[in-house]
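Two forms, one protein chain; structure tokens for each follow separately as structure 1 and structure 2.
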Structure 1
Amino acid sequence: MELKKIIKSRELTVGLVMIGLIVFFSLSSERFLTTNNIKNILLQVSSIGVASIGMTMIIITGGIDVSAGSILGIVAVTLGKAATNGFPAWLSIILGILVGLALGSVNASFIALLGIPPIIVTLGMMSLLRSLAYTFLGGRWIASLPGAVRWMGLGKILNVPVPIWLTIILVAYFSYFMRYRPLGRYIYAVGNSLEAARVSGVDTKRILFFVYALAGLMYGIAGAIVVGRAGIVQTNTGNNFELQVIAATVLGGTSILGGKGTIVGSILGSLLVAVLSNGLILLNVPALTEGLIIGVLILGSVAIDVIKNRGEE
């Protein structure tokens, strides 16, 4: 029975697709399986993967967050401005992450406390924050960031990059949290039926506030990783990041209808997106084509999910 469950799991499907892509890109480009390129893929997975932890919880509750990239952009601007205006590196990083938490909490307030649909709130935040990021930068980039500020992206502990450590620790903890902690189980309950969870005594508003605020925190950490790796803050930092995170989460088996999904599945989805993105760049495929392919994958995954749920019903 357990073997049958594994065979039918989305995680296995994602793993097989990823192996197919690795074989294809390895045969198409001699640079794909080099040590440096594999390292780049794993570092790219770290930012998408950390952000997908929050997105997974949101989608499990039946919600969505299209403001992830814009929040990451504001986090990058905050971190960059603080670092280039004399703030200590550690304080600049913390300020950036806290801004992510604060913006996630703003989303949470509108959604959980005022009952406004998530797509409306996060779409509005996406537009607002993108405009603010451009205004704060005045159309110019922040370059020459102090080396210490880049620790979150380039630092190493025991010769392993800090972003990879962060990803492993966060994935391990929140996988345990979702499976064994009461709050984690309540998140699934809300996704399966908000009204049933409320009638059963679950504080649904607290659950929704928690997942959107936590997502903001995860976007903040991802933003610190992205800035650390790049060493600059551009006016378009974070553009289309939400597309990659949503794609990773949905491809990893989190049901867009709510109630189903795992953190590990989303990390596998993140790895699939990172491999696809990296391979297409090595093949000199235009960025617009990458967006097209990811969009098709999202639509295909959602369609399969809907059909599967109808079959179960």
Structure 2
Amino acid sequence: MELKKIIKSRELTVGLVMIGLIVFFSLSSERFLTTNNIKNILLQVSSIGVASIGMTMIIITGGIDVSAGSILGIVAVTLGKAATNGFPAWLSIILGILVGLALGSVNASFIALLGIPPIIVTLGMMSLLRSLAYTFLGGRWIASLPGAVRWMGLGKILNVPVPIWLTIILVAYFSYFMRYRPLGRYIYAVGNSLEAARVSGVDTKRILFFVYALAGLMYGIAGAIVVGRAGIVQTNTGNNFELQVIAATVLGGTSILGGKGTIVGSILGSLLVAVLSNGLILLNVPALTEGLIIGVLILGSVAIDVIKNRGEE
């Protein structure tokens, strides 16, 4: 029973494709499977991975959030401005993350309380927040951030970078959360049938609010990681970030129509893309073909999955 479920899961397909890639890359380049490179890949995945936790929950409820990148941008701006205006490092980081939470809550209010479709709210917020980020920065970038502010990107605990810790801990906790906390289960319930959930006595507005607000928090953490790693706050920090996160989530098996998906799947999705783009550089495949290969591989692995499960409906 459980075995059958696992075999049918998208997670397995994506995992297998990834293992295939890893085997191929390590046979082709001895530098691929080294601690350093694994660290590079995991670091690259961290911000997308953390953000995809929130995105997965949102898409499971049947929603979408295209404002992720813009929220991340504002988080970066807040953090950078605070840090360069004399706030202590820890406070700047917390402030940045809280702004993420606050903006997520703004999305949440429009979606959960006023009932405006998520795509409209987040498309609107995407545009609006992008303009705000430019305005707050006055068009200037922030460079030379003090080292302590970059802890979320550069810090190490037990010789493992903080972003990797954060990703592992958050993914582990929220995977547990989705399976064992009643709230996690309600998120699936809302995505399967809002009406049924309401009738079962689930406070659907609260659930939706929670999901979008939490996603904001996750973008906040992702933003702190990005600023920490890049060391520079650009006016367009986070541009196109949302598409990468959505791609990872959907590639990992979360149904865009809602109701099913796992956080582990989303992480596998983002890992797959990261492994691929890292491996292509290691093999020195011409850069212009990168998109072609990534596109074909994503489509191919999902096609395998769909065909594998044919006839189950």
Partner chain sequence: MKKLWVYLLIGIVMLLTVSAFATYKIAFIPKLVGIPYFNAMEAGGKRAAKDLGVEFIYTGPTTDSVAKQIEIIDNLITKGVDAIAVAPNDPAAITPIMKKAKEKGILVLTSDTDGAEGVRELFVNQARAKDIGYTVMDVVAELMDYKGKFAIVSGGPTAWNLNTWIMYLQQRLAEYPDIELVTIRYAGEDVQRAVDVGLSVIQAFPDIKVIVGMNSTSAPGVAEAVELAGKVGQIWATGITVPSMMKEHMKKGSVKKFVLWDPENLGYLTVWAAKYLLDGNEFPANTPIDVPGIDTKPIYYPETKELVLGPPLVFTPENIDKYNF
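Here, a residue number simply tells you its place in the sequence of structure 1, counted from 1. Between two forms, the rigid core is the largest collection of C-alphas that superpose within 1.5 Å. Quick caveat: nothing in here was measured; it's all calculated off a predicted structure.
One of the two isolated chains is the form predicted in complex with its partner chain, namely structure 2.
Look at Glu30: with the core superposed, its C-alpha moves 8.1 Å between structures 1 and 2.
With both forms fitted on their core, the C-alpha atom of Ile298 sits 7.7 Å from where it sits in the other form; this compares the forms between structures 1 and 2.
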